[in-house]
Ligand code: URA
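Shown next as structure tokens: one chain only, the form predicted alone.
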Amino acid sequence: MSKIPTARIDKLLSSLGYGSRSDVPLMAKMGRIFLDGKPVRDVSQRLQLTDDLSSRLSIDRQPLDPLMGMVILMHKPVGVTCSHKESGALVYDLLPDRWGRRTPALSSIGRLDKDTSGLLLITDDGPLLHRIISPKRHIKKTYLATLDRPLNGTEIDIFASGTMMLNGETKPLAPAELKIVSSHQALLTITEGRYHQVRRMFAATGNHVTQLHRTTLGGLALPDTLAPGEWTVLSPGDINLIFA
């Protein structure tokens, strides 16, 4: 049986973005930190990082944020970017401010460009991030594409051929599955993540994507109840669906 990791309260709260190591003792002195319903005075005490800690430890009478290894499913809206470095609105701005101070830092699992909406995962779990985006995993991603011109009927075979080449590249695309929804809409499922891949695939057939929305990642689907800009923290079972 593996040993349950522990952490000092001051270090834990600092890593979760609640304040610096010097801030946390002041928070305790002000009666803001509670453990099992009792105020915490000694923030140097170590706690086991168990699944129930978020319900046992509270800050300002609010449950503790999820521990390290958190995975967020966001309904990314159009107009925000996934990079930490770009100017303008970022997906991280839609999360609690303190989460921007978490260590390890939160990062998106792959990216959706500024003009693409839909299912986006964000995590501080580096190994999980790389496991999901690894080309060896061939995890399927499905997009609903709205097109400028009607589909001509040849796209299904072209995308499924495994011989389609994108402009400027020397390696053909892996076979992709296209399901026609209407004359101007289709669901495209790919297993790669090349730069602007979906938009470039349709451009290669003489069409233009006017709207793009990711609906699924692996076996995980974007909930209908999650509005643009909203997010939820995934359970371990939800995370396993990605690899289903």
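What you are looking at is a predicted structure, and each value in this text was computed from that prediction instead of being measured. All residue numbers refer to positions in the sequence shown, first residue = 1.
Omitted from view is the form predicted in complex with this ligand, to which the following refers.
Proximity of H196 to this ligand in the predicted complex falls within the 4.5 Å heavy atom cutoff. Residue contact check for D97: none of its heavy atoms lie within 4.5 Å of this ligand in the predicted complex. When contacts are judged by a 4.5 Å heavy atom cut-off, D113 counts as touching this ligand in the predicted complex. Although the partner is absent here, V40 sits far enough away that none of its heavy atoms falls within 4.5 Å of this ligand in the predicted complex. Comment: this ligand is not present in this chain, but in the predicted complex one of L217, A176, A186, L212 has a heavy atom within 4.5 Å of it, namely L212. Shown alone, this chain has one stretch from 63 to 71, 177 to 185, 197 to 205, 30 to 38 that lies within 4.5 Å of this ligand in the predicted complex by heavy atoms: 197 to 205. If you take 128 to 152 and check each residue for a heavy atom within 4.5 Å of this ligand in the predicted complex, you get just Y143.
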